[in-house]
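Heads up, the chain below is alone and in the form predicted on its own; it's given as structure tokens.
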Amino acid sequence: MDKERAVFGGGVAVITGAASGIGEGLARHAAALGMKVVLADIAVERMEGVVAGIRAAGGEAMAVPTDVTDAAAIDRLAAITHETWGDVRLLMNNAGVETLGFVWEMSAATWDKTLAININAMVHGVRAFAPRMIAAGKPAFIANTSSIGGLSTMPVQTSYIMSKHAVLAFSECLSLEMQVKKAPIQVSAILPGPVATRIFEDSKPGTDPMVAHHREAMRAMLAESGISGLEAAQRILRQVAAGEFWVSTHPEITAEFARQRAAHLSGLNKPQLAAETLALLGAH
């Protein structure tokens, strides 16, 4: 924790999706490390509760209600942050949503909203904050939340899985661009494993029995074996502070997913459902 405090202490952190789950954990832990924390979320009441908790513990935090699907709202978030506390040391593009359903059964509006939250918000977060971070010429950090799902495939989670694959590609390309510009900005891709968040509780699975079965199985699994958002945040920020690009809450699981994905691609194997996937869907 001393290393993290030396890296982050006294700096400003901006965290999207900060009202619950991993985002809430990141906000609380960043504040405990001595950062001024800007929380951004659409769930205003929950977010303000997190801010109150941080302040009660002696930390500094402010809530900026933000709809991350609106690029102008993210620009506003950046403006408020800079006007209030100046340069940003840590940008955590963490907002995300799980949407369940077969590709052809999800509405256009649902598709648009899912991709806007999971992909576009990240792009606009970097667009809104990176220019000033680069111009400051000081070491800073951008961390984008993907998922171990970004290293796998899964039916009925298609919108989520494809968005998390996109986050990995975006983060790798962004890291290369920072290198090209010789900017002192470290980019990290976060791949959470089982974390007990609201992501499946907040998802709307529709009426298909397979989708509903999958949602309940995943929700129960996270509730039973997932680590807390705060524990996930502590693991994440430790690795970001250490300069890691690939950041995992569960390194062994992530490594296994990566090995399986690499083997699948190098063998040009046909997509195939495993027995455990069929069980998750209630298809036997």
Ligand SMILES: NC(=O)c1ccc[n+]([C@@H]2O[C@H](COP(=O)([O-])OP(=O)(O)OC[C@H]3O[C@@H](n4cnc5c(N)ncnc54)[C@H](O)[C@@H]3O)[C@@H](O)[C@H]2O)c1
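All values derive from a computational prediction rather than experimental measurement. One-based numbering along the sequence shown.
We do not show the form predicted in complex with the ligand, though everything after this point is about it.
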(message) Only one of these stretches, 254-262, 60-68, 30-38, 237-245, has heavy atoms within 4.5 Å of the ligand in the predicted bound form; which one is it?
(response) 60-68
(request) Would you please decide whether I22 lies within 4.5 angstroms of the ligand in the predicted bound form, comparing each non-hydrogen atom pair? (result) yes
(request) Could you confirm whether G96 comes within 4.5 Å of the ligand in the predicted bound form, counting heavy atoms only? (result) yes
(message) Just checking whether M178 would be counted as a contact of the ligand in the predicted bound form - the rule being heavy atoms within 4.5 angstroms.
(response) no
(request) Although the ligand is absent from this view, report whether I117 comes within 4.5 Å of it in the predicted bound form, heavy atoms only. (result) yes
(message) If the cut-off is 4.5 angstroms on heavy atoms, which of these, V195, L77, M133, V187, is the one near the ligand in the predicted bound form?
(response) V195
(message) Using a 4.5 Å heavy atom cutoff, which residues in 41-59 contact the ligand in the predicted bound form? It's fine if the answer is none.
(response) D41, I42, A43, R46
